[in-house]
Structure formats: C-alpha cells, structure tokens
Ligand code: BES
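The chain below stands alone and is given in structure tokens; this is the form predicted on its own.
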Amino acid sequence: MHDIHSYGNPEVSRVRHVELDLAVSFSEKKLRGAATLTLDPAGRQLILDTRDLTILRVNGAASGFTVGPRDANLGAPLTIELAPGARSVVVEYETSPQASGLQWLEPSQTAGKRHPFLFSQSQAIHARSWMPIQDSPGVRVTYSARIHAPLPLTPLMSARIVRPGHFHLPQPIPPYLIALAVGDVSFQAISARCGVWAEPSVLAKAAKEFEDMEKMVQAAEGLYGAYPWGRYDLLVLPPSFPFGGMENPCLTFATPTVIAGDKSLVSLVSHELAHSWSGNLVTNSTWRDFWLNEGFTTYFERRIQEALYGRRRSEMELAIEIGELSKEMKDLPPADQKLVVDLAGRDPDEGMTLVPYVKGALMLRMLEEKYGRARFDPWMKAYFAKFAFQSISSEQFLTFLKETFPGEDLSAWLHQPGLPPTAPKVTYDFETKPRREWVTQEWLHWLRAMPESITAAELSALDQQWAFTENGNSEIAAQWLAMAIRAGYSPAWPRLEEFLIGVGRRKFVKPLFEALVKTPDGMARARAIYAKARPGYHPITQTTVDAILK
C-alpha cells in the first residue's frame, strides 16, 4: 500500500539497514555525522524523506543529489541517482536546532539541574528530522549506531548496548522506533532482563514505582508468546516529554507524570510493553490504520493489568478510558471517529486521538466476548506469529480474522463514526463517597461526575477538604485545574501556571489551553503562561498549542 506520508520509493530502492555515526553538540543543538544506508533492491534512484536536514555530501551517488521543495507536513525529498552496482549510500548531514523529532533541554529543565538532556520522539513522521530515511512504517530496517556524546553524559538508544556508545538492533523495525536519548542517567536493575534508567535523583522512586516490570513481561508472555526483543528497560525522561510513553524497542521512554507513588498509573508501562507485540512486532503499514498499533495494544494492556492486579482494577481503568473517549468524540468530526481514518493532506499526528486506542480495544473486546477467550486468545497469539516483523493493513487483518471467524463483519467499527450498537458495555461500580485510600481512577471518576455548573465557591469547599489544588498526582491535578478554569476558581491560578510550565505532556497541556481560550480573560492568561512555558515544550506540543492560540 502506498504511504501518502512518505516520498520514499521502496519499490525501486528499499532501505534495509541503517548505520548511524553521530556526534551530539549541545552548544549548537545539532547532531552531525553520517548515515550509511544498505539497499535491497537497489535501483537507479533512491528517494529519502528529510525535514530541515542539511545534506553535506552523498557517497555512492552517480551524479550528486537533489533536495526538493519543503512541504509543511512531509518535509522535503532527497533524491539520489545511484552509481551502477551501488548497494549502499553514505549520507553526511547535520540536523537543525529546530528538528521536530529532537528536544534539547537546558540543565534547568532537568531534575538534576546540572547537565543538559537530549531525547528524540520519531513517531509519527519525525525520524526524517534527524536522519535521512524512508520514513514510512511500511519500510522496516535493522540499525546500528555509534553516538559520540560529551562526558559525563550517557547515550541510550532503542537497541542493544554493544558497548558504551555503540548500539545494534538485529530485528527490523519501522523508522519511527529508532530512538536516542543523551543525559545524566543511572541504571537500576529490576530483573535479569528488565531495569530502569533515570536521572540519579529520580531513580530510586522510579524503580520502586515500576518494580513489577518483570511480572508484566511474564504476564504478557503467558498471554501471547515469548517476548521478542531481549531486554525490556524503561527510561524516565524529563517532564517535557510530550506523551505518556513511547514504545521504543528494548527501551520504553516514559513521562515522570506516571510516578504516582502507589502504582496506580503503571498501566502505562503495561501499554508500552504490550506494544512489543502490537506495534513493534506487527505494525500498521500506513498511518490510516493506526488502530492496528493502538487498539490491539490497549486491549492487550487491559489483559496484562487484569493478570497482575485483578479484573476489578482492569475494568475500572477501562471504564475511565471509555468515558474519556465518549467526551472526546463529542468534539471530533465524524470522519475522525472511524478506525480507518483519512489523513490525506494532514499531519498523521492529527490521527492520534483516543479513537484508535479505545474504540479499537473495544472492537477486540467485542470479539473476545462474542467468541470466548478459549477461541479468541489462540487467534491473537496466531496473529502475532503470522505477521511477526511485518507491517500490515486493515485489509490484511480482516482476511486473517475471517480465516478463524468467517462470518464476522467489522465494517461498522472500521468505517463508520461513533461506537456501534455491538460495543461492549463496561460497567464498574464506583463508590460515591470519597475516601483517602482511593486510587487515581476513583478520584478521576468522582471529579468527572461533578456537574459542569459547579461554582467557584463549591470548588473552594472541596479544596479545603481534599487539597486538590496542591495535589501532586498529575492526572488528578489536570482534571481539577480544568474544573477550576471552567468555574473561574482563582486560587488555582498559580498552580495552573506552575503545572503548565512544568509539564509538557500533550494529554494534559492541550485540554487545559483549550479550556482557557474559551473566555477573553482565559485567553489572556493562556498567552501569558504560554510565553513562559513554550521554550520548555517539545516541538510536537508547541505545534499543538500554537494552533490553539493561533
């Protein structure tokens, strides 16, 4: 299937292996070096995706290279006429300080405050901003890398550490899973194959929060087969990371906002771990089918949580997610409520709503309930085995599904907006009277059940009893601050500013700015806060908030 979000020509010349040799310059905010690309097949011409790269030299070209015009979403094509018989090219290049897939943090933006920090975020099509590549999830590559970083900083990648600064991943992955981080980080083992990387001041707390990682891997393996990537480590990034987590092979990137102290938010780790099968092992071939990554993963996450923490906990978490989906779909155009989404002329990041995650998971839950786990689980396991290390489409999924369940019609799920009448009804009996022992999801449900007409005076009474404004749990804080904006509860304004400056996770930042801009006073407050917050946000979050504030 043709990928509308890539200039690449893999049908003529396909990149199979990438070898990176890159130097990290914090003073210039640039990566500089070379990418050696091994090709098979290797035709007369190679077209690569780039975004704001400076191409210095190409070895292996017959007649130089050309960089085409820049598109706002896609970047620019790099076209190389290959020398006769050439099976590889070496592209020497440097990145822009504004590379959309890299964030350069000053020491003040880290936990330790002493050293700078760099991390990448390549999904969906940001890998092209820090390497010349056929940046499509349908073009899988193996990769090796040598990273030259200033001492005493440690480079890490989504690959096996061969020796310090040297990395190799022998399994083929889509380019968006190539990942890099460089910072003052230390390691604590959880088990022989699992451990946590974090800044030294964060490490002990993070390792305690994520101490169940090995149990999670074992639970996942018990469901759908052996873990395929060797190690499963987790890197806790600074709070500007724009997502909850990123499922980079061997090394999940995670936001510190899930360190709640009570393991109530570790479903994020279950989610990123589940991606080791759904997304990393079996990948959507284009971004129209993003649900193949996220729907399978969200369903799998619920099964891991159930295995470790019980059905009650898993159902509570799913009920919260369904509520979030229902709320979001009220504001989504019908076309974006479909699982197979039309992204022509759009940045694929626009497809990263809750629809592929939760609607996709509910579709699989429907199949599980309809056919029973005794039939559904072996089918899931066979799905991962059948398509291992491949990128597939919704049509390939359907063909394989109908080999086991021949009469199944999923067209309403895939191609119609909203949730079909066959959607599972997930009920959870939440308590109505709050207790200090409640976990995050119970507080969220209780707060979200408040009427939208709640007044500032009523919020003040709740705040005096439960100290919501000062709550350190990011999920609860974000919900409370949204309510404070709606009610005009001014004692929360200093905390709102502190939160929006200190946390760059798009899940929290986007709805809070959207709530602020609904009134003239809120718009003024939003602009004042954003002027301070924007330099610390990742480019992905900056783009989101720029659009909200226009």
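Start at 1 with the first residue shown and count on from there. Bear in mind that the values here come from a model prediction, so they are computed numbers and not experimental data.
Only in words, not in the display: the form predicted in complex with this ligand, which the text now covers.
Heavy atoms within 4.5 Å of this ligand in the predicted complex are found in one stretch of 388-396, 116-124, 453-461, 93-101, which is 116-124. With the partner omitted here, the residue from 32, 525, 505, 29 that has a non-hydrogen atom within 4.5 angstroms of this ligand in the predicted complex is 505. When you look in the predicted complex, the only residue of 289, 294, 209, 317 with a non-hydrogen atom within 4.5 Å of this ligand is 294. Contact with this ligand in the predicted complex, defined as a heavy atom within 4.5 Å, is made by all three of 245, 271 and 352. By the criterion of a heavy atom within 4.5 Å, residue 303 is excluded from the residues contacting this ligand in the predicted complex. This ligand in the predicted complex comes within 4.5 Å of no heavy atom belonging to residue 359.
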